[in-house]
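In the block that follows, a single chain appears as structure tokens, in the form predicted alone.
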């Protein structure tokens, strides 16, 4: 066992020092036999934020992953092997995400990586993962580029993306609230690419972008942007603002009494970003992939398991970020079982094209992992503030107003942009 560990570190170190991928791929192929024969634990690296703009979402993401791992271990592990995990804070910073991924693979010997909310962080992690052939499940980043121009053979994207959410919302909002729109866009990859998708749909359906205002990450004073909204008087404001920025933004819109007019479309809203806000802060319509009050079989039991496992967590019910973290990790472990091996290429093939029933995912439509982009195609929900909200049930903050089948919101542009590396170009090994 010790000899295996030393040998693997040596190989990884040599790979890191070298620049030619083909040189690295060979030794791993030659050494796969001893790794496959071992009963050593399968080790997963959790690459979630514990600080920075997405710290709250990172914590929720992590809880979902850990619950899925613990459930697998309670069943006896995967292929008879225990699942172990390690976590390092990626700090909502792409450079840190890259360093964390490098360390998890080369020093912590993680055979799989899971996590990320910030799309820039996810992209950085995925580049390192692809270099080593390590499978990486991007659980909660939703820039269209993640399954588009930044796709990789080893990366699988679990959340809906900005295009999916825009397709679910834009046309109906034009028909209802008019063609004159303003865009408030977080100034990084997710905001830019989400706004790009919204603008393309506006052009397609005859809408007009009156003005786009870029919002720097870490903004806490939105007064100048909101003053422009008051001056321009658009019919709709489309906001792609995430994390702690979203919370501050909502509070200021509500303070100015602007929640009812104009209409607000929030591309996507993660539960940890708004949990605990007053109900009048939850204006507008937003996209999501899951809600804990969906009237579907299995949802109540899932909520109960969450509450039993995390009785002291501030968030008393699971949200969409937890759901994605749990589902991604569970499906990774299921794929290893289906493959009958922890070989990375075998597991990739077990994930590609895999179909998941609506009942199993507690959604309204069947889902699948697109073999061409590695994005999960799934039900997209539109939600708004709960009109029947009660102080006696403070967690029931939203109501689902519509759901869209995966085919109706497909991101065809991402599919055109994605060029996956071949299997031969991807280093292979047994985790």
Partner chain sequence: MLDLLPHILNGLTLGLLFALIALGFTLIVGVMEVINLAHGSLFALGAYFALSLLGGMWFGDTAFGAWWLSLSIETRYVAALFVGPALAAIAGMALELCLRPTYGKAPLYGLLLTFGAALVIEEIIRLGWGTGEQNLMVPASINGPVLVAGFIYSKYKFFAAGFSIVAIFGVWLFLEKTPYGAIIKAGAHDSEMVRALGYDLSKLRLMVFGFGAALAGLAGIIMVPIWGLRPHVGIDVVIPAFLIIVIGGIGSFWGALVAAIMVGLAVGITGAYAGAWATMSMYILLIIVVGFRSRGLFGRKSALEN
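Numbering follows the first chain given and starts at 1. What you see is a predicted model; the values in this text were computed from it and never measured.
Separately, the form predicted together with the partner chain exists; it is not shown, and the next lines address it.
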Can you check 143 to 151, 98 to 106, 221 to 229, 112 to 120 and let me know which stretch has heavy atoms within 4.5 Å of the partner chain in the predicted complex?
221 to 229
Would residue 50 count as touching the partner chain in the predicted complex under a 4.5 Å heavy atom rule?
yes
Examine residue 297 and determine whether its closest non-hydrogen atom to the partner chain in the predicted complex is within 4.5 angstroms.
no
Would residue 293 count as touching the partner chain in the predicted complex under a 4.5 Å heavy atom rule?
no
Within a 4.5 Å heavy atom cut-off, is residue 357 in contact with the partner chain in the predicted complex?
no
Exactly one of 79, 203, 256, 303 has a non-hydrogen atom within 4.5 Å of the partner chain in the predicted complex; which residue is it?
256
Listed residue that, although the partner chain is not shown, lies within 4.5 Å of it in the predicted complex (heavy atoms), from 199, 179, 167, 247:
247
Answer yes or no: in the predicted complex, does the partner chain come within 4.5 Å of a heavy atom in every one of 187, 213 and 278?
yes
Using a 4.5 Å cut-off on heavy atoms, which residues of 154 to 182 contact the partner chain in the predicted complex?
none
